[in-house]
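In the block that follows, a single chain appears as structure tokens, in the form predicted on its own.
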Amino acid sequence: MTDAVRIRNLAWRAGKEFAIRELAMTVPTGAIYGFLGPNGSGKTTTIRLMLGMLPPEDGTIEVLGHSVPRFAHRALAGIGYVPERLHLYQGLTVDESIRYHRAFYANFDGAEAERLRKRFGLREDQLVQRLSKGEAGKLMMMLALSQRAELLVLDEPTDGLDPVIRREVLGALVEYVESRSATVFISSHLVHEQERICDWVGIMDGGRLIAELPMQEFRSGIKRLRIDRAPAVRDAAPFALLSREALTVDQEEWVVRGWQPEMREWFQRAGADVRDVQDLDLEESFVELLRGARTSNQETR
């Protein structure tokens, strides 16, 4: 099995307001895949489709080699899931939550759960209903990691956590991946957080996957160019043009994806001159990809 998750032509609609359209996504086995997008872009809906919680209208979903939703029960046996919202019984203690969770998973590692409980500073007798948001987040992550799952699916696992707790949770996640060669699918709108741990990125907007690429390409392949005598025609360009803006009568600013230094020659052949090539940070790259996709979508309507 080369891919932990493989989705093709996926479609799902919620009334007239929102739809997942022609979604294709590939999560390589062993990858830490960052699933990025603004709130309301369809990240949580995609996760629910992936886990068999929602029935797709069209398309195929394969998770850990199993077709979903038909064989979702087989896929779920190898998945550790941390949802966006707390899903534990409020009246249980931390210890009771561990024992309850362990009953459902044959590979649950009680010794690892105890180690993580101590590392995260959770008391056995604490009631779930009295946990802070950070403590509840650590408990859910502890339970998922203790399952010894092949695939971890994490929906905004650090949203609202303070920086110290966020670092603790992400540190435990990275250690788990290194020791188990597991696959991680982590949904978030925190771009810089993903940069530190992910090696693949998928970007969601308006129910569409607008980009899927290695983190290295995301980090280094998007540039801002200042161009004298910019060519009007862009169809034959060796890169993807995300945006263009006139600065003066003779100069434009382009944001491009897939830039390589030798591409200056393409501009020279068109009678243009690249005056400056600027790196973008991760958040700027994320915003430009969204802006380019939204502009392209409006042009095709």
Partner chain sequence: MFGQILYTQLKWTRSTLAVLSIVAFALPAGLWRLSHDSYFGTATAMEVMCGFEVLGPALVLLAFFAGFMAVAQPWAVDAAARHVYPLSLPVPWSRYVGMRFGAGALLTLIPTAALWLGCLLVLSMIDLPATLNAYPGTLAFRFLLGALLSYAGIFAVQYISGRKAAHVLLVLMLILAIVALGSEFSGNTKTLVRLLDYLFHSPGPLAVFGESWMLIDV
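Numbering follows the first chain given and starts at 1. What you are looking at is a predicted structure, and each value in this text was computed from that prediction instead of being measured.
The protein also exists as the form predicted together with its partner chain; that form is not presented, and the subsequent description refers to it.
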property: Partner contact for Gly160 in the predicted complex: its partner chain, 4.5 angstroms, heavy atom; result: no
property: Lys133, heavy atom within 4.5 angstroms of its partner chain in the predicted complex; result: no
property: Phe120: touches its partner chain in the predicted complex, heavy atom cutoff 4.5 angstroms; result: no
property: Distance check, Arg180 to its partner chain in the predicted complex, heavy atom within 4.5 Å; result: no
property: Contact residue in the predicted complex, chosen from Ala144, Met215, Leu88, Leu151 - any heavy atom within 4.5 Å of its partner chain; result: Leu88
property: Contact residue in the predicted complex, from Asp228, Glu114, Glu96, Glu175 (heavy atom within 4.5 Å of its partner chain); result: Glu96
property: Heavy atom distance at most 4.5 Å to its partner chain in the predicted complex, all of Arg48, Tyr81 and Ala103; result: yes
property: Which of 182 to 190, 69 to 77, 152 to 160, 203 to 211 sits within 4.5 Å of its partner chain in the predicted complex, heavy atom basis; result: 69 to 77
property: Those residues of 50 to 67 which, in the predicted complex, come within 4.5 Å of its partner chain by heavy atom; result: Met53
